[in-house]
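Structure 1 and structure 2, given next as structure tokens, are two forms of the same protein chain, each shown alone.
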Structure 1
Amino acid sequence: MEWETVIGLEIHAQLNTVSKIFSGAPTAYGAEPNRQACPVDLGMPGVLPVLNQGAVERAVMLGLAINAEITPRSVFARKNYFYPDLPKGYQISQFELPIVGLGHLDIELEDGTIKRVGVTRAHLEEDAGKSLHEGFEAMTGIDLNRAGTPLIEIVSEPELRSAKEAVAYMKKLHSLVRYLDICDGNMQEGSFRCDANVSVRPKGQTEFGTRAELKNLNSFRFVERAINFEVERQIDLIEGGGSVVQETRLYDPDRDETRSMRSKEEANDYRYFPDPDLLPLVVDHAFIDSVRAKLPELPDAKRARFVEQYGLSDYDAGVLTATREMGDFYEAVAGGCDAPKLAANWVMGDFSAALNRSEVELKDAPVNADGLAGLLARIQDETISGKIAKEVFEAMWNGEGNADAVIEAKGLKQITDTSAIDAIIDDVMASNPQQLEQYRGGKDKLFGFFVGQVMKATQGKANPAQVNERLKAKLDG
């Protein structure tokens, strides 16, 4: 039997507000355990939550970016369940009336086609604390610093049909929240994480199969591996005469498998009801327009502009707009040297390779956009060759100064004096009479040999185009 996979993702993005969603407690990551949980976060008697306007602005910004409906009147509800890292015994979330309604996200598939994935809703809620298992023998530690951190949960329609599609959707959303600067997207710290609802059904069947929810997947690689394992598990189970049970499962990356955690709750299990301490959230047109005015250029628009304005390929434009920081960096380099394609090649090539090799973030790179543009300008005006530029770049990366300083200190200026190049070519021809005779006898491949000898004699400083032109004239003369 041929099977079809059905996947829906619930992505939780921590909003990068300074304080928590219903209190003034800080949200900074890495504090000592339980130092950033105030009485409001802990639900102490007599305290009242106060909604953080910054969280609302960020939610509306996301809604506008995915062309979603913004709900003019949304409601906060209490989601009741008991877990050690949930100090109040309930989570403040949104249920029937979320702030962001139906929207969509376009993703690019491996074959280059564009698929539109529906977004069911995106709602505001508070994060829970964190259970810690390492360093506790036969016990679990509870850190409540994260409790109350603002989250937006983005729920897709069940329209993803493979693990690769799910990863493409997740990556697109990850890029978007970073472009909007509403979430830092740090998956290692849990700022951006995913639950995947996975089911299978016979090809052609319209009714959905029974789904399993895979919880807290915090890397693109784990999302793909967990979904692929779960799909195979469900198919094997059904084909073996069993049936899939609706449940929540955890992914174990060490064993590359999912395992049962608990039965999957339905909405009525949480006994949702409107939070009596919070008024309905009302956003008017003026507020929405003020948020719209803050929207940056979005990834798809920037990619299209790079193709149009700079003459880049779709692939190059896609790489250079993968993050807002990289797109801004590229534009600064291209503007500084007036050579868009050369800038693209260097930013995607030597510069990105150096970032990876040094394991530094773009903002911490020892060569900034002005520095790289200065280097490329020296290639443009033929002060140095592209090959010598790589040597100059390495010196710049190692802190030896800007391009001009390195070129001067190392004596790397390109030889462009035709008479000097001619003299070197004459010496090379005189030193290699046998190869000269063979070349003039029809062995054209030896031309590369002579080019190499001339470049070696000049330590790579001779202008390659001039070398080729003058060498050709002399060899054939």
Structure 2
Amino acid sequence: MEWETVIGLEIHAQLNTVSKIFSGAPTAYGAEPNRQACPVDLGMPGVLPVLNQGAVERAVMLGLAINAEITPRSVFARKNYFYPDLPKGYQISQFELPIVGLGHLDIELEDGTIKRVGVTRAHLEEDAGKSLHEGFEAMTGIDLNRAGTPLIEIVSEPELRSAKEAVAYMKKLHSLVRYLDICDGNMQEGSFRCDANVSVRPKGQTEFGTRAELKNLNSFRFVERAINFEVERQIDLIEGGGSVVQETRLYDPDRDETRSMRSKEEANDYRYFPDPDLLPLVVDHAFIDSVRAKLPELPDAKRARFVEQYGLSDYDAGVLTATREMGDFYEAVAGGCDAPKLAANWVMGDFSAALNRSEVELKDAPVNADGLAGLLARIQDETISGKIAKEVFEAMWNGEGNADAVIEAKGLKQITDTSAIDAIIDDVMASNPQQLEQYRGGKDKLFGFFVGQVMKATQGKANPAQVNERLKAKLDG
């Protein structure tokens, strides 16, 4: 039987506000346990939440970026359950009336087609603290620094049909939140995490199969592997005469498998009700307009513009707009050297390779956009060849100075003086009489040999076009 996979993703993105969603405590990551938790975060008796306007602004920004309806009057609700890292015994979230309603996101499939994926809703909520199970001898430590950190939970429609589509959707959203500068996207620190609802059904069937919810998917790779494992598990189960039960499953990356956490019967009844400590959140047109005015150029628009403005291929434009930083970097390089295609090749080629090799972030790269543009300008004005440029770039990356300084220090300036090139050619011809004779006797292939000899004699610095031209004239002369 042919099976169809049905996936919906719930993505939690941590909003990068300075303070927490309902208190003034800082949100910075990595502080000593419980040093960034004020009485509100600790759930002290009598404390009350006050909504952080910055979190609202970021949620609206996301809503606008996915063409969603912004709910004019959304409501915060309490999700009640007991857990030691949930100080109040409830999480303040949004339930029936989320701030962001129905929207959509376009993703590119492997064959290059564009698929529109519906986003059901996105709502604001507070994060819980962390339970620390190591280092407390059979006890559990509680760190409430993260308690109250603002999150936006973005829920997709069950419209994704493969693990690859799910990853494409997640990457697109990851790129978007970083473009919008509403989330730092750091998946290792948990700033961007994902739960996947996965089910299978016979191809052609319209009803959904029973789904399992996969938790703990904190990398693109895990999302793909967990979904693939789960799809196979479900198909095997059904084909073996069994049936899928609705449950929450945890992905274990070490064993590359999903395991049951709790079934529907064990699931909590969260007893949602509107939080009486918070008034309904009213977002008016003026506020929406003010947020709209702050929206940056979004990835799809930037990509189209790069094709249009810089004459890049759609593929290259896609790569260069994958992150806002990369797009900005590319534009700075292209503008600085006035050679957009050369800039694209270098940014995607040697520069990206160096980033990967050195395992550094773009912002920390030892060669900045000005530096790279300076190098490319020297290729453009033929001071150096593309080949020599690679050597210069390595030196720049190693901190030996800017392009001009390296060229100067290493004496890499291209030889463009015709008489100098002629003199070298003469030398080469004189030292290789045998080859010269063979060439002149009709062995044209030896032309490459002479080019190589000239370049070797100049340590590659001779202008290749000039070498070709002069060599041709002299050999054939």
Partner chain sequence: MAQETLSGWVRKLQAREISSRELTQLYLDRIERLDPQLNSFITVTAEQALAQADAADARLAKGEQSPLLGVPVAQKDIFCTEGVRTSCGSRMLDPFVSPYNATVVERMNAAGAVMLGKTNMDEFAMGSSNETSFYGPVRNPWDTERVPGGSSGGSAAAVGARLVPGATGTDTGGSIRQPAAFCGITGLKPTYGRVSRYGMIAFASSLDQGGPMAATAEDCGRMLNAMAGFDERDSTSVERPEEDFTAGLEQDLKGLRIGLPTEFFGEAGLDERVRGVIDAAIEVLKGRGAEVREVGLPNSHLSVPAYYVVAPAECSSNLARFDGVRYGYRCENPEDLMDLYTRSRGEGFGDEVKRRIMVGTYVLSAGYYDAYYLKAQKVRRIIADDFRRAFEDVDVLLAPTTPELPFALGAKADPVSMYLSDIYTIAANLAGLPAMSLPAGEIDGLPVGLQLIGNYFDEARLLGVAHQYQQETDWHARVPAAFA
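As the structure is a prediction and not an experimental result, all values here were calculated from the model. Here the rigid core means the biggest group of C-alpha atoms that line up within 1.5 Å when the two forms are laid on top of each other. For numbering, take structure 1's sequence and count from 1.
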Only one structure is the form predicted in complex with its partner chain, namely structure 2
- Core-superposed comparison between structure 1 and structure 2, residue 133 Cα displacement 2 Å or beyond: yes
Taking the rigid core as the superposition reference, indicate whether the CA of residue 50 shifts 2 angstroms or more between structure 1 and structure 2. no
So with the core overlaid, does the Cα of residue 142 end up 2 Å or more away between structure 1 and structure 2?
-> yes
Between-form comparison on the rigid core puts the Cα shift of residue 441 between structure 1 and structure 2, in Å, at 3.7
